[in-house]
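This document starts with one chain, in the form predicted alone, laid out as structure tokens.
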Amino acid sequence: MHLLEAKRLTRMFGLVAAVKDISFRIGDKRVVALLGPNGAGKTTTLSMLAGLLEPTAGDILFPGLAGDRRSWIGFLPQIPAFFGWMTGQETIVMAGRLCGLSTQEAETRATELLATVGLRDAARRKVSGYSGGMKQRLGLAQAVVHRPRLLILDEPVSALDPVGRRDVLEMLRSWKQEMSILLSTHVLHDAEQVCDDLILLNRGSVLEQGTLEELQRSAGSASIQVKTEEGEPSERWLNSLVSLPGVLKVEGDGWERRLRTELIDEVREKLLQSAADHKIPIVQFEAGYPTLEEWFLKAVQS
């Protein structure tokens, strides 16, 4: 079941096509990352979905939902702007009232959300005294004040320190139980931690899309990284791994090797069994598919 479907979206700015004929779907209660280098069309795409820009061509469909889509969409721009003379509490109450909440509902929701985003102690302070990271947190609170069905976030962790990034990822995991989330980000590690699906844009077009696992598999063969303690038995064993059934290629030297394979489960089992049989002291062992960064670089540079 999908919540949103974009069909052949195009957005022109004069003679320049910022987005060209892109199509994708967003599932219900899924976290989806919109990835791409600077100028790929991410912000333009998010602005069209949020109703801030009209597509030059194409359709945005929300099956099963009727009326103005902005009433059940939450949106956080990359650089949120607020009235500096208002307090954090007043800002969220105002956002709630604009979204149709009663005064009491807005007050209750503001208190709850400011605590959730880590601004409980700053709720009565004027926003003009907030840091960039605090404004980003405030923006997250205003974006979900009306419990939207779709939350759209443009670079939501760009102004946050590592602790703030961790907190936001935890919030997204929690909010995913209630809504779908579409976010753009340059922080690939964060996308890898929290997202179910990925859409890669480059020069206004969709290069690839799918689940994280599907796209990592498409980036190339799986690999197993193994490191042993030093010693002559370890050296002989490491040099013999090239002949292990299922291994396509062995990379590395010293006491560390990376084995490329299309049969990761079988090779992992044989490798561990061989190490046990030869009493090889393993100090590091990792098995998996290419990282999101490896997939991203391969797709953009191809």
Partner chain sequence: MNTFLVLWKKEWTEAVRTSKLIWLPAVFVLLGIAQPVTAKFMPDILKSAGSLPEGAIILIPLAKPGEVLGQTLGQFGTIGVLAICLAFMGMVSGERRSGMAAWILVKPVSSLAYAASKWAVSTILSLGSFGLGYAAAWYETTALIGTPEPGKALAAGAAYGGWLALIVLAVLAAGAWLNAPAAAAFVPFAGATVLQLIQGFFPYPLRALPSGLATEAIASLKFNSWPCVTDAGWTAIAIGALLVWLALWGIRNRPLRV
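The model shown is predicted, which means the values in this text are computed figures rather than measured ones. Positions refer to the first chain, counted from 1.
One more form of this protein, predicted together with its partner chain, exists but is not displayed; see below.
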(request) Indicate whether its partner chain has at least one heavy atom within 4.5 Å of a heavy atom of A95 in the predicted bound form. (result) yes
(request) Considering only heavy atoms, tell me if V32 and its partner chain come within 4.5 Å of each other in the predicted bound form. (result) no
(message) Can you tell me if K126 lies within 4.5 angstroms of its partner chain in the predicted bound form, counting non-hydrogen atoms only?
(response) yes
(message) Even though the partner isn't displayed, in the predicted bound form is W175 close enough to its partner chain, meaning a heavy atom within 4.5 Å?
(response) no
(request) Mind telling me which stretch in 157 to 165, 194 to 202, 180 to 188, 98 to 106 gets its heavy atoms within 4.5 Å of its partner chain in the predicted bound form? (result) 98 to 106
(message) Taking its partner chain in the predicted bound form, would S71, F75 and W85 all count as contacting it (heavy atom within 4.5 Å)?
(response) yes
(request) Would you kindly say which of L259, L238, A50, L271 lies with a heavy atom within 4.5 Å of its partner chain in the predicted bound form? (result) A50
(message) Using a 4.5 Å heavy atom cut-off, which residue among Q142, Q216, T228, S223 comes into contact with its partner chain in the predicted bound form?
(response) Q142
